[in-house]
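Read the single chain below, which is given as structure tokens and is the form predicted on its own.
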Amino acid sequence: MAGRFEGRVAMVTGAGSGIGRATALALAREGARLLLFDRSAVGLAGTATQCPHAEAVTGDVTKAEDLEAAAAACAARFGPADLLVTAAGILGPALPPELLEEAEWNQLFDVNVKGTWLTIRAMLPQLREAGRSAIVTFASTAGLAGSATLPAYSASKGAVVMLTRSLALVHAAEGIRVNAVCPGSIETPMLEATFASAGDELAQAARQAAFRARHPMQRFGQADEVAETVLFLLSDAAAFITGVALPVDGGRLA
């Protein structure tokens, strides 16, 4: 499948680590030119060194001015982007909602929901100009089913799912497809943080075992496995697919 994205231009947020990085590397291997965006300059540099045709822009997805600057950098370097992946996101505290501070709740929705919206808003003129465009947002299985461990995170990802489906309806006539991936438990720094927040080593091991048991395949997913799903949704093979929230979860929601 090498070369599926030759001549295509993609912006990937959250490209400094985890699934965002895996997606950027997969797109680069298949010929895409990339605008990489993340708040971590170190993480971005690590990704950019592995992508032959990439521009890295450090910024915050909660700040419209940072995203507008990234959009301008993309257009100046490569021309209009026709692919967009909004992988930036945070986990938030593993606490019941009544124990969250208001600032913690706000940050979750600012990054996961507002950040997705602001990114799409900044890139939409380019996606329209390019035509035959595709957006993949990042939700979660926790956005399709409730989570007792991460209820606030679950609420934010549920909002991303509904934003994705709504935007698919809004932009279908313009030839812009909008889909979401909904990963289960994927071996990334975010999953490690989920286990670490459980407490001591015994509690961490118990949480890890509980999370693994939720997946009928009896293992956690890999970032590359989610990245391949993202590439499918971006590709012409998915030309008649829009408004989908696709679980990549080892059967967890089956």
Ligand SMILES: NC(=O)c1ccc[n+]([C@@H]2O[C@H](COP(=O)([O-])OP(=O)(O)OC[C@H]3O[C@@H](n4cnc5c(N)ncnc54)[C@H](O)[C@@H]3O)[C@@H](O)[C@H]2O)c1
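Residue positions are given as counts along the sequence shown, with the first one as 1. Please read all numbers here as calculations on a predicted model, not as lab measurements.
A second form of this protein, the form predicted together with the ligand, is not displayed here; the remarks below concern that form.
- Please work out, step by step, whether the site is open or blocked: first superpose the C-alphas near the site so the ligand is positioned as in the predicted bound form, then count ligand atoms within 2.4 Å of this form's backbone or C-beta atoms (3 or more = blocked). Check passed, pocket reads open.
- Message: Going by heavy atom distances of 4.5 angstroms or less, which of A87, M123, A134, C74 would be at the interface with the ligand in the predicted bound form?
- Response: Exactly one listed residue reaches within 4.5 Å, namely A87.
- Query: Looking in the predicted bound form, any heavy atom of D60 within 4.5 Å of the ligand?
  - Reply: Yes.
- Item | the ligand contact in the predicted bound form: M190, any heavy atom under 4.5 Å | The answer is yes: M190 has a heavy atom within 4.5 Å of the ligand.
- Is there any non-hydrogen atom of L234 lying within 4.5 Å of the ligand in the predicted bound form? No, L234 sits far enough from the ligand in the predicted bound form that none of its heavy atoms falls within 4.5 Å.
- Just to confirm, F78 within 4.5 Å of the ligand in the predicted bound form by heavy atoms? F78 lies outside the contact set for the ligand.
- Using a 4.5 Å heavy atom cut-off, indicate which stretch of 125-133, 150-158, 94-102, 164-172 touches the ligand in the predicted bound form. Heavy atoms within 4.5 Å of the ligand in the predicted bound form occur in 150-158.
- Message: I have G16, V111 and S140 flagged as a candidate spot, so tell me whether each of them has a non-hydrogen atom within 4.5 Å of the ligand in the predicted bound form.
- Response: Contact check passed for all of G16, V111 and S140.
- Message: Going through 152-187, which residues have a heavy atom within 4.5 Å of the ligand in the predicted bound form? Please give them in sequence order.
- Response: The stretch 152-187, when checked against the ligand in the predicted bound form, contributes Y153, K157, P183, G184, S185, I186 at the 4.5 Å heavy-atom cut-off.
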